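The chain below stands alone and is given as structure tokens, in the form predicted on its own.
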């Protein structure tokens, strides 16, 4: 499947910022189930993008601006050709052993309620893979998808208590529960081609990946109760959202900040069709 992605992030500052530094994790890597082509980044400012990699092997682009900066727009566009690998990740860069991803973070730490949920859900299942599928299904059934009560700083325990959240919250909860059961787990951020025909989206997508002996890393999208398939485009990984955040940085001055995100994910058509239309 050929999937076209357009992701635009716009910052508007109440007062001109004196300086801005940003790190972008907006460029996916190719692996055995996705091949990335025609990918470009455009920053609507006079700056130089420095390409690199972070500790997890994610592609990064870093830039800095000297003020006054009243607004900042970042756009990425490209195409990914994907195949359905039943959620199994092959051919990806791995910088750390699986055990590293047992490490707890503030966003994924399990409280007593999450630990009880994990233990109860995992009981009666013999293998880690069975436990993970059970966790994904139980979490999907328990939680309501709702963007209003949570934000990027909401912890897994907070959203679990609320019983609501977005894909990031579902991923954080599953990660915390899996780690409590002794299963290495991590955050994966990217995009999803929706099967209901909706192209315009308010944000990217997120899911969890867990390490299963004999299979390797396997994705679990609890928000949709599915393992990632050809509709998922994997961009970045981390211990939690902060390690895979699409745009993260700092600024000097600027006052209040307004953030707008526009995402379009659509079918790109076959390669022959794309060539004939160009």
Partner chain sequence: MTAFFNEMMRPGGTVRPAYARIADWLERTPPEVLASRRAQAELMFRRIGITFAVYGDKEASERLIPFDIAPRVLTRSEWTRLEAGLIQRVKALNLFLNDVYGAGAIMRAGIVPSDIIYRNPAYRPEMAGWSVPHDVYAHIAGIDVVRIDENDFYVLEDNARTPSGVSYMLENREVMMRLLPDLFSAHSVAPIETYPNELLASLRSVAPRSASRDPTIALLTPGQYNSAYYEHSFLADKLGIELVEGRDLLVRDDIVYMRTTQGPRRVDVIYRRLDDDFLDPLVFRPDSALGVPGLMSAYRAGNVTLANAVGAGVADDKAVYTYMPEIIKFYLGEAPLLKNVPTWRCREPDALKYVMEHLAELVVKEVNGSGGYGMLVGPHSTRDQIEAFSKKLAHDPANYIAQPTLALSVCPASFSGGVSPRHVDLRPFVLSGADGARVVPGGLTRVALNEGSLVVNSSQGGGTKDTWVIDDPATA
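Positions refer to the first chain, counted from 1. What you see is a predicted model; the values in this text were computed from it and never measured.
Heads up, the form predicted together with its partner chain isn't pictured, but that's what we're talking about next.
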Query raised in the report: Heavy atom to heavy atom, is residue 97 within 4.5 Å of its partner chain in the predicted bound form?
Result: yes
Query raised in the report: Would residue 102 show up as a contact with its partner chain in the predicted bound form if we use heavy atoms at 4.5 Å?
Result: yes
Query raised in the report: Using 4.5 Å between non-hydrogen atoms, is residue 216 touching its partner chain in the predicted bound form?
Result: no
Query raised in the report: So in the predicted bound form, does any heavy atom of residue 265 sit within 4.5 Å of its partner chain?
Result: no
**Report entry** Options 28-36, 58-66, 227-235, 205-213; stretch whose heavy atom lies within 4.5 Å of its partner chain in the predicted bound form
**Finding:** 58-66
Query raised in the report: Taking 74, 76 and 246 together, does each of them reach its partner chain in the predicted bound form with some heavy atom inside 4.5 Å?
Result: no
Report summary line: Taking its partner chain in the predicted bound form and a 4.5 Å non-hydrogen atom cutoff, the residues of 241-256 making contact are 242, 248, 249, 250, 252
